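Next up is one chain by itself, shown in C-alpha coordinates, the form predicted alone.
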Amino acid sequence: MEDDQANVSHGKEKQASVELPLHWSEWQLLDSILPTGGFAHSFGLEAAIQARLISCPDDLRTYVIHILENTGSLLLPFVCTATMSPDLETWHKLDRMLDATLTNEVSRKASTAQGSALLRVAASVFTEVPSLKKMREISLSFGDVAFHHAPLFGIICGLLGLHRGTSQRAYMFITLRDIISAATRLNLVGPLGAAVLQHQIAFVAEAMLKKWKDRAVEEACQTSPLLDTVQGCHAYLFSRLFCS
(Lines give C-alpha, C1' and ligand atoms only; values in the text may rest on other atoms or scores of the structure.)
Protein backbone atom coordinates (compact mmCIF):
# COMPACT_ATOMS: atom_id res chain seq x y z
CA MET A 1 0.00 0.00 0.00
CA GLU A 2 2.75 2.41 1.02
CA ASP A 3 4.75 1.42 -2.07
CA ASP A 4 1.75 2.16 -4.30
CA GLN A 5 1.27 5.56 -2.69
CA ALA A 6 4.98 6.29 -3.12
CA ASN A 7 4.77 5.34 -6.80
CA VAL A 8 1.74 7.56 -7.34
CA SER A 9 3.47 10.45 -5.56
CA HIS A 10 6.59 9.95 -7.64
CA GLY A 11 4.47 9.84 -10.78
CA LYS A 12 2.80 13.13 -9.92
CA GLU A 13 6.15 14.77 -9.26
CA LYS A 14 7.49 13.47 -12.54
CA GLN A 15 4.40 14.71 -14.41
CA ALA A 16 4.69 18.13 -12.78
CA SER A 17 8.37 18.35 -13.68
CA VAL A 18 7.48 17.64 -17.31
CA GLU A 19 4.53 20.04 -17.44
CA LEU A 20 6.34 22.97 -15.80
CA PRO A 21 8.85 23.66 -18.62
CA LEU A 22 6.10 23.16 -21.20
CA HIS A 23 4.01 25.91 -19.59
CA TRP A 24 7.00 28.24 -19.67
CA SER A 25 7.61 27.30 -23.30
CA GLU A 26 4.00 28.11 -24.19
CA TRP A 27 4.39 31.61 -22.75
CA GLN A 28 7.78 32.11 -24.38
CA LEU A 29 6.31 31.23 -27.78
CA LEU A 30 4.18 34.39 -27.55
CA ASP A 31 6.95 36.59 -26.19
CA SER A 32 7.98 39.39 -28.53
CA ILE A 33 11.62 38.79 -27.59
CA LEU A 34 11.59 35.45 -29.45
CA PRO A 35 13.60 36.28 -32.62
CA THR A 36 11.22 35.03 -35.29
CA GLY A 37 11.33 38.14 -37.50
CA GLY A 38 7.70 39.17 -36.98
CA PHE A 39 8.61 42.81 -36.37
CA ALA A 40 10.17 43.07 -39.82
CA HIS A 41 6.71 42.91 -41.41
CA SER A 42 3.83 45.40 -41.35
CA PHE A 43 1.05 43.27 -42.93
CA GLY A 44 0.85 45.75 -45.79
CA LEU A 45 0.40 48.70 -43.42
CA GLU A 46 3.37 50.60 -44.83
CA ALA A 47 2.07 50.23 -48.38
CA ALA A 48 -1.43 51.24 -47.26
CA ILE A 49 -0.06 54.47 -45.79
CA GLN A 50 1.74 55.38 -49.01
CA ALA A 51 -1.40 54.50 -50.98
CA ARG A 52 -3.29 57.04 -48.82
CA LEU A 53 -5.64 54.40 -47.43
CA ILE A 54 -4.65 55.40 -43.89
CA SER A 55 -4.53 59.00 -42.81
CA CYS A 56 -6.05 59.08 -39.31
CA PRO A 57 -6.48 56.89 -36.19
CA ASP A 58 -9.89 55.68 -37.35
CA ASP A 59 -8.39 54.47 -40.62
CA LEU A 60 -5.72 52.59 -38.68
CA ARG A 61 -8.31 50.93 -36.45
CA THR A 62 -10.35 49.86 -39.48
CA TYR A 63 -7.25 48.50 -41.22
CA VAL A 64 -6.19 46.46 -38.19
CA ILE A 65 -9.67 44.98 -37.86
CA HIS A 66 -9.70 43.97 -41.53
CA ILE A 67 -6.28 42.35 -41.13
CA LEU A 68 -7.58 40.34 -38.16
CA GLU A 69 -10.65 39.31 -40.16
CA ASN A 70 -8.43 38.15 -43.01
CA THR A 71 -6.17 36.29 -40.58
CA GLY A 72 -9.13 34.52 -39.01
CA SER A 73 -10.73 33.49 -42.28
CA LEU A 74 -7.57 32.49 -44.14
CA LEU A 75 -4.99 31.32 -41.62
CA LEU A 76 -6.79 30.05 -38.51
CA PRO A 77 -7.95 26.87 -40.31
CA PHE A 78 -4.29 25.98 -40.92
CA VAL A 79 -3.33 26.74 -37.33
CA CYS A 80 -6.22 24.66 -36.00
CA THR A 81 -5.57 21.60 -38.16
CA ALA A 82 -1.84 21.67 -37.45
CA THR A 83 -2.41 21.94 -33.71
CA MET A 84 -4.70 18.91 -33.69
CA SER A 85 -2.30 16.80 -35.78
CA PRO A 86 1.25 18.01 -35.09
CA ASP A 87 3.07 15.53 -37.29
CA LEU A 88 5.35 15.79 -40.31
CA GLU A 89 2.84 14.51 -42.88
CA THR A 90 0.10 16.93 -41.80
CA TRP A 91 2.50 19.85 -41.73
CA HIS A 92 3.83 19.23 -45.24
CA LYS A 93 0.31 18.84 -46.61
CA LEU A 94 -0.83 22.10 -45.02
CA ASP A 95 2.35 23.84 -46.16
CA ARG A 96 1.66 22.94 -49.80
CA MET A 97 -1.99 23.98 -49.53
CA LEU A 98 -1.18 27.39 -48.05
CA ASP A 99 1.55 27.99 -50.63
CA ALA A 100 -1.04 27.45 -53.35
CA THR A 101 -3.62 29.60 -51.54
CA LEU A 102 -1.63 32.79 -50.96
CA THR A 103 -2.27 35.15 -53.83
CA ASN A 104 0.67 37.54 -53.84
CA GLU A 105 4.41 37.12 -53.70
CA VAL A 106 4.96 39.60 -50.87
CA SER A 107 2.69 37.80 -48.41
CA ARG A 108 4.08 34.45 -49.51
CA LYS A 109 7.67 35.53 -48.86
CA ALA A 110 6.69 37.07 -45.52
CA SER A 111 4.99 33.84 -44.47
CA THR A 112 7.90 31.61 -45.43
CA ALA A 113 10.51 33.92 -43.89
CA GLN A 114 8.69 34.05 -40.56
CA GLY A 115 7.89 30.35 -40.61
CA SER A 116 11.46 29.33 -41.35
CA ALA A 117 12.75 31.57 -38.56
CA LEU A 118 10.10 30.29 -36.14
CA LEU A 119 11.03 26.64 -36.66
CA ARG A 120 14.75 27.37 -36.47
CA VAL A 121 14.30 29.21 -33.18
CA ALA A 122 11.82 26.69 -31.76
CA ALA A 123 14.12 23.76 -32.55
CA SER A 124 16.98 25.51 -30.76
CA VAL A 125 15.01 26.86 -27.78
CA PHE A 126 12.40 24.20 -27.01
CA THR A 127 14.83 21.31 -26.54
CA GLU A 128 12.25 19.46 -24.43
CA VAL A 129 10.51 18.72 -27.76
CA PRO A 130 13.24 16.94 -29.78
CA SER A 131 10.85 16.20 -32.64
CA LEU A 132 11.03 19.86 -33.69
CA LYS A 133 14.69 19.53 -34.58
CA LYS A 134 14.09 16.25 -36.39
CA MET A 135 11.19 17.69 -38.39
CA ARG A 136 13.32 20.66 -39.42
CA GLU A 137 16.25 18.51 -40.50
CA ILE A 138 14.03 16.17 -42.53
CA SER A 139 12.20 19.06 -44.19
CA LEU A 140 15.42 20.85 -45.10
CA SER A 141 16.68 17.67 -46.73
CA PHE A 142 13.56 17.50 -48.94
CA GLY A 143 14.31 20.90 -50.45
CA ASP A 144 10.71 21.63 -51.49
CA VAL A 145 9.13 22.64 -48.16
CA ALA A 146 8.09 26.30 -48.04
CA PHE A 147 7.97 26.61 -44.21
CA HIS A 148 4.84 28.79 -44.08
CA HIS A 149 4.23 30.45 -40.73
CA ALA A 150 0.63 29.54 -39.84
CA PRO A 151 0.93 25.73 -40.15
CA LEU A 152 4.26 25.78 -38.31
CA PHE A 153 2.83 27.86 -35.50
CA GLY A 154 0.06 25.28 -35.13
CA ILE A 155 2.53 22.39 -35.20
CA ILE A 156 4.65 23.95 -32.46
CA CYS A 157 1.59 24.76 -30.36
CA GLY A 158 0.41 21.18 -30.68
CA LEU A 159 3.78 19.76 -29.65
CA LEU A 160 3.92 22.14 -26.69
CA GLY A 161 0.54 20.89 -25.54
CA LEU A 162 -1.68 23.86 -26.35
CA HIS A 163 -5.37 23.26 -27.01
CA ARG A 164 -6.52 24.20 -30.51
CA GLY A 165 -8.66 27.03 -29.11
CA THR A 166 -5.66 28.48 -27.29
CA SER A 167 -3.39 28.17 -30.32
CA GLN A 168 -5.87 30.01 -32.55
CA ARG A 169 -6.32 32.78 -29.98
CA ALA A 170 -2.54 33.00 -29.67
CA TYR A 171 -2.18 33.42 -33.43
CA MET A 172 -4.70 36.25 -33.45
CA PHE A 173 -2.82 37.82 -30.54
CA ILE A 174 0.60 37.83 -32.23
CA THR A 175 -0.96 39.22 -35.41
CA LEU A 176 -2.54 42.07 -33.45
CA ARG A 177 0.66 42.63 -31.49
CA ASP A 178 2.88 42.80 -34.57
CA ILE A 179 0.69 45.14 -36.62
CA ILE A 180 0.24 47.51 -33.67
CA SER A 181 4.02 47.48 -33.24
CA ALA A 182 4.42 48.33 -36.92
CA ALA A 183 1.97 51.22 -36.56
CA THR A 184 4.04 52.58 -33.68
CA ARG A 185 7.28 52.49 -35.66
CA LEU A 186 5.55 54.12 -38.62
CA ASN A 187 4.58 56.96 -36.28
CA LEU A 188 0.85 56.41 -36.72
CA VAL A 189 0.34 56.08 -32.98
CA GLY A 190 2.43 56.58 -29.85
CA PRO A 191 3.44 53.77 -27.46
CA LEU A 192 0.68 54.53 -24.94
CA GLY A 193 -1.91 55.01 -27.66
CA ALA A 194 -0.80 51.72 -29.20
CA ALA A 195 -1.36 49.90 -25.92
CA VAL A 196 -4.82 51.43 -25.58
CA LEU A 197 -5.69 50.54 -29.19
CA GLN A 198 -4.52 46.96 -28.75
CA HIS A 199 -6.66 46.56 -25.64
CA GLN A 200 -9.72 48.00 -27.39
CA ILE A 201 -9.37 45.87 -30.50
CA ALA A 202 -8.79 42.72 -28.41
CA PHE A 203 -12.55 42.51 -27.90
CA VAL A 204 -13.07 42.61 -31.67
CA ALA A 205 -10.35 40.01 -32.15
CA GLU A 206 -12.09 37.68 -29.69
CA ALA A 207 -15.35 38.02 -31.61
CA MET A 208 -13.55 37.19 -34.86
CA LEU A 209 -11.90 34.22 -33.21
CA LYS A 210 -15.30 32.83 -32.26
CA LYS A 211 -16.51 33.42 -35.82
CA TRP A 212 -13.64 31.69 -37.63
CA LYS A 213 -12.17 29.17 -35.19
CA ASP A 214 -12.19 25.37 -35.62
CA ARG A 215 -12.79 25.46 -39.38
CA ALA A 216 -11.36 22.99 -41.88
CA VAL A 217 -8.65 24.18 -44.26
CA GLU A 218 -11.07 23.66 -47.14
CA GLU A 219 -13.04 26.63 -45.76
CA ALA A 220 -10.07 29.01 -45.74
CA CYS A 221 -10.81 32.18 -47.71
CA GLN A 222 -9.90 35.84 -48.21
CA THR A 223 -12.38 38.35 -46.75
CA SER A 224 -10.47 41.54 -47.60
CA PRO A 225 -8.97 41.18 -51.10
CA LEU A 226 -8.17 44.90 -51.29
CA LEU A 227 -5.72 44.59 -48.40
CA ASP A 228 -4.09 41.64 -50.12
CA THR A 229 -3.68 43.75 -53.25
CA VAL A 230 -2.20 46.62 -51.26
CA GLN A 231 0.31 44.33 -49.58
CA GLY A 232 1.33 43.03 -52.99
CA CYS A 233 2.34 46.59 -53.92
CA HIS A 234 4.87 46.78 -51.09
CA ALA A 235 7.70 45.56 -53.29
CA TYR A 236 7.21 48.59 -55.57
CA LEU A 237 7.71 51.17 -52.82
CA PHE A 238 10.73 53.36 -53.48
CA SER A 239 11.46 53.83 -49.77
CA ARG A 240 10.35 51.31 -47.16
CA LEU A 241 11.06 50.36 -43.57
CA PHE A 242 9.53 46.86 -43.52
CA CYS A 243 9.96 43.71 -45.59
CA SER A 244 6.23 43.45 -46.23
Partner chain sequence: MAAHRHREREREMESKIEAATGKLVVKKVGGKSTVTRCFSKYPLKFIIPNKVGSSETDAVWVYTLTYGGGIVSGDSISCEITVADACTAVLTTQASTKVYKSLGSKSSEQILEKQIFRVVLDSSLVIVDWITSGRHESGEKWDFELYRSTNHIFLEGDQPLFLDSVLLEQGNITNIAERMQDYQVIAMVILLGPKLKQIQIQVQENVRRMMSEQLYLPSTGLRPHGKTQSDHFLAKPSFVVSCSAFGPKGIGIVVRIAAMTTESVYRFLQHQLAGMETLLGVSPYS
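Just so you know, these numbers come straight off a predicted model, no measurement behind them. Numbering follows the first chain given and starts at 1.
FYI, the form predicted together with the partner chain isn't displayed, but the following is about it.
For the three residues 55, 100 and 219, a heavy atom within 4.5 Å of the partner chain turns up in the predicted bound form in every case. In the predicted bound form, at least one heavy atom of residue 62 sits within 4.5 Å of the partner chain. By the criterion of a heavy atom within 4.5 Å, residue 108 is counted among the residues contacting the partner chain in the predicted bound form.
Of the heavy atoms in residue 185, none are within 4.5 Å of the partner chain in the predicted bound form. Within this chain, residue 47 lines the site of the partner chain in the predicted bound form, having a heavy atom no more than 4.5 Å away. This chain is drawn without the partner chain; in the predicted bound form, the residue among 51, 196, 30, 202 with a heavy atom within 4.5 Å of it is 51. Comment: 92-100 is the region of 168-176, 92-100, 153-161, 128-136 lying near the partner chain in the predicted bound form, near meaning a non-hydrogen atom within 4.5 Å.
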